[in-house]
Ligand SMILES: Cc1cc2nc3c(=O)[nH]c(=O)nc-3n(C[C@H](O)[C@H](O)[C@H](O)COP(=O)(O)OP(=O)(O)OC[C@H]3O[C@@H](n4cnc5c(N)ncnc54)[C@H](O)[C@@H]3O)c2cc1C
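Single chain ahead, by itself, as structure tokens, in the form predicted on its own.
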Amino acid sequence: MKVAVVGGGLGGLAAAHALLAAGHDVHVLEEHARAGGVIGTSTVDGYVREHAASSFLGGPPHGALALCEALGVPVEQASPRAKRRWIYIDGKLRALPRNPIELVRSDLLTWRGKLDLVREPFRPARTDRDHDESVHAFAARRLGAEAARAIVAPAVTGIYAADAHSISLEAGFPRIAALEADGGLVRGLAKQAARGLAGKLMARVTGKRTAEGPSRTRRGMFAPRGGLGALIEALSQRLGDRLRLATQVESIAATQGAKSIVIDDETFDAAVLAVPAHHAVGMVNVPELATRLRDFRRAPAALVYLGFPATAAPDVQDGFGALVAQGEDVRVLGFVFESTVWAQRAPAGHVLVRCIMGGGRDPAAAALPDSELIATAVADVGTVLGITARPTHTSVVRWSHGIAQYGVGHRDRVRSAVAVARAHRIVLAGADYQGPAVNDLCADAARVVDEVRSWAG
């Protein structure tokens, strides 16, 4: 089939790569002069900056690590020094516990908050499972108010730059929602482990292999050597002249009978719509679909990069980074100690800190001028991390619609939009729908191929 992929971000490129491997005639239409969307890597003053996401977890069989290996992209694993994480709450930087002993000793929660965590397996399961709930509502109900505020809410901010009250549990954290459906976190894990063991025992008895698909890849956190831009470059090279850069799409319309798609003046058998939903609204000449695409939201984001002499910032050489709890008297949402996590991200004798601002929690911050963003970040680095030296490097990367927001009810909105799109031979792909993480965007390519295959012949 001749398939158009509208949008050359990571989701579009991964889908195009998978469609090409499946034997389709693929054409990627990207309006900008470079592919990758928000994802990219640049070097300024010897500091390596990621423009959006910076890493991915190993584990998923169809995730980013498997794609890097298939494309021959060298990867590196996060430094062992990056295992510690911190939460800034109640005016103090506190270590996030990594095991039960650290939890007992931690000052992140009071004894009452710790006892609430222990009670999780004994709390009744939610009875109203037909309706979605926010991550904060789930966490407060099962883990207690303290853990919801001090642990879960900052984690949500680290992923979605959003308030945990506004993010869907079902869509934003589907694995946790699955555990909840099995009776809770501890009981759900026990049931899932039991089912897995039963499946393996049955396979041994019957001599049949279980249909688990490809084996899981290595565990840990990874990134392409030199940054995620290397993955974008490899995908672009694999697609070759099938990737049409600087190609503006004005109109996407289904023909009568929905047997083909016309994009401007060119006819295709199917189309993959892999641009942000708000951008796609103006392209699709399918009013019913355009109406549904308006329901998806993104939040603005700004990344402020600060470089310091290593001697002036000893604390950022221990750990992955720090997240800021809501309600604190700073505007930065979180910090990533880039040069600690990854090798060769800063010149010798220096460190690089990434400061995350804006998002759904504080969208106004992302609109500040660069000078104000930098001044705010420098002040907050001093307050939270105790760095008082003047930075040797400052730079800003900003996106007006950078981070997909998976509000309560997101899954229902996706189902409705996908159904309408499918009826017109359009597949919805990208960060607005099935998952915003690097692994989600790579793994979603298999679903795209299945959708297109259903129209073949």
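Sequential numbering from 1, following the sequence displayed. Quick caveat, the model's predicted, so the values are computed rather than measured.
Heads up, the form predicted together with this ligand isn't pictured, but that's what we're talking about next.
- For this ligand in the predicted complex, the listed stretch (87-95, 372-380, 136-144, 269-277) containing residues with heavy atoms inside 4.5 Å is 269-277.
- Contact check for A52, R354 and P436: all three have a heavy atom within 4.5 Å of this ligand in the predicted complex.
- Note on contacts: among A254, A82, M283, L185, the single residue with a heavy atom within 4.5 Å of this ligand in the predicted complex is M283.
- Distance criterion of 4.5 Å from any heavy atom to this ligand in the predicted complex singles out V38 from the list V408, V48, V420, V38.
- Although the partner is absent here, Q344 sits far enough away that none of its heavy atoms falls within 4.5 Å of this ligand in the predicted complex.
- At the 4.5 Å threshold, heavy atoms of Q248 reach this ligand in the predicted complex.
- Among heavy atoms of L441, some come within 4.5 Å of this ligand in the predicted complex.
- In the predicted complex, this ligand sits within 4.5 Å of a heavy atom of R298.
- Shown here without this ligand, the chain has V6, G7, G8, G9, L10, G11, G12 in 4-19 lying with a heavy atom within 4.5 Å of that partner in the predicted complex.
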